[in-house]
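As structure tokens, one chain now follows by itself in the form predicted on its own.
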């Protein structure tokens, strides 16, 4: 077996059915973006190299391709198996500067970098911003409330782990609208989106 064949054989597998599985993940992502703060089920039948979670991997394999740039947090970038997995299955270009990335993958929600480190978009092109895909361990019904487009009434949400100043970060991000980053949290079996258009406050 050639060196290339051996390297490919050692890679974790991607989607079993790339077309169907990526469509399923994309629909879950679109639903989550349309209903901010509301978890959407995502069955990710993947076993990527740690610390890349199955849900984070499913999102990556869905939104990344050879035309996109992606930044990995130190936990992910430090694992050669993760880098090889993403390069092989997505062909995305890895960048070392957060502001140069269209997407950022973050394995530890508690170590979420400052939003200001990422591209915020431009007045004429607000879509030229970074979307953060962040792994968390679980979702809860509090201590935050989300309101905004797509929600007829405020909804409660929470996620663990997140930085202690998350409410302030999200408020500052909302103040930049239509600029700012979009955030997608990925927990075991589900994802939840917090686009820049929402307002988030702590429950009284």
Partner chain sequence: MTVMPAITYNFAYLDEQTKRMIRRAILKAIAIPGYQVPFASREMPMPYGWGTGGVQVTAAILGADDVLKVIDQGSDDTTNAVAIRGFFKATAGVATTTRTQEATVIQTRHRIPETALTAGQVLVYQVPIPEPLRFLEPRETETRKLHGLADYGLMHVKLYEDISRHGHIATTYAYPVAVAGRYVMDPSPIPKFDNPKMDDCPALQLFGAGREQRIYAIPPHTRVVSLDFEDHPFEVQRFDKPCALCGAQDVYLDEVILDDRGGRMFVCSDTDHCESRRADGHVGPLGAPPPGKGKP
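Numbering follows the first chain given and starts at 1. A quick note: this is a predicted structure, and the numbers were derived from the prediction, not measured.
One more form of this protein, predicted in complex with its partner chain, exists but is not displayed; see below.
The candidate spot formed by 35, 123 and 127 lies fully in contact with its partner chain in the predicted bound form, as each residue has a heavy atom within 4.5 Å of it. Residue contact check for residue 163: none of its heavy atoms lie within 4.5 Å of its partner chain in the predicted bound form. Residue contact check for residue 52: none of its heavy atoms lie within 4.5 Å of its partner chain in the predicted bound form. Contact check for residue 30: a heavy atom falls within 4.5 Å of its partner chain in the predicted bound form. By the criterion of a heavy atom within 4.5 Å, residue 143 is excluded from the residues contacting its partner chain in the predicted bound form.
Checking 135-143, 164-172, 44-52, 149-157 against its partner chain in the predicted bound form, the stretch whose residues place heavy atoms within 4.5 Å of it is 149-157.
Of the residues in 40-71, those that come within 4.5 Å of its partner chain in the predicted bound form through at least one heavy atom are, in sequence order, 61, 62, 63, 64, 65, 66, 67, 68.
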